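Only one chain is given next, in structure tokens, and it is the form predicted on its own.
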């Protein structure tokens, strides 16, 4: 990694609003680039290779693991997911700040390898609000919702492993706080 001070990690439990916060940040600053993950899962309808994910075979992914070509990687639900190191380095060399919107385990891996990276953990205003946000998506069955909520308890308990913890009460306020941290 060339300049890991230009590496920003945003993490937190599912439903906390990471995607919404990141979308706002990217719209406000053209010098920030959102890292694209690689995966072995099949593309979903409307997803494009190199835009949503880098879609690849298990064989290619495992080869990249062996060659240590990932910043972080994990296996989830039978598929591999990871952040290709080469594209992150390339963007940093071109002067971009690289933003990683990733799950907590991947964020911990990166923080262990690159302690200089700025890590921000987003908390929900309350567990009740988190549950409401997850349910309002309307995309999951009760069992999946309960799994996400159980996982959120574990993830929130690990928030002290990150440089900054922000409570996402209002997206606009959270975005302003993230910018202050990035620019300081």
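Residue numbers count along the first chain shown, from 1. A quick note: this is a predicted structure, and the numbers were derived from the prediction, not measured.
The same protein also exists as the form predicted together with a small molecule; that form is not shown, yet it is the one meant from here on.
In the predicted bound form, the residue from 67, 48, 137, 28 that sits within 4.5 Å of the small molecule by heavy atoms: Comparing distances to the small molecule in the predicted bound form, the residue within 4.5 Å is 137.
Joint contact, 23, 129 and 167 to the small molecule in the predicted bound form, by non-hydrogen atom at 4.5 Å: No, the candidate spot makes no contact with the small molecule.
Heavy atom of residue 133 within 4.5 Å of the small molecule in the predicted bound form: Outside the cut-off, so no.
Partner contact for residue 44 in the predicted bound form: the small molecule, 4.5 angstroms, heavy atom: Yes, residue 44 lies within 4.5 Å of the small molecule in the predicted bound form.
Residue 103, heavy atom within 4.5 angstroms of the small molecule in the predicted bound form: So residue 103 counts as contacting the small molecule.
Any non-hydrogen atom of residue 40 within 4.5 angstroms of the small molecule in the predicted bound form: No, residue 40 stays farther than 4.5 Å from the small molecule in the predicted bound form.
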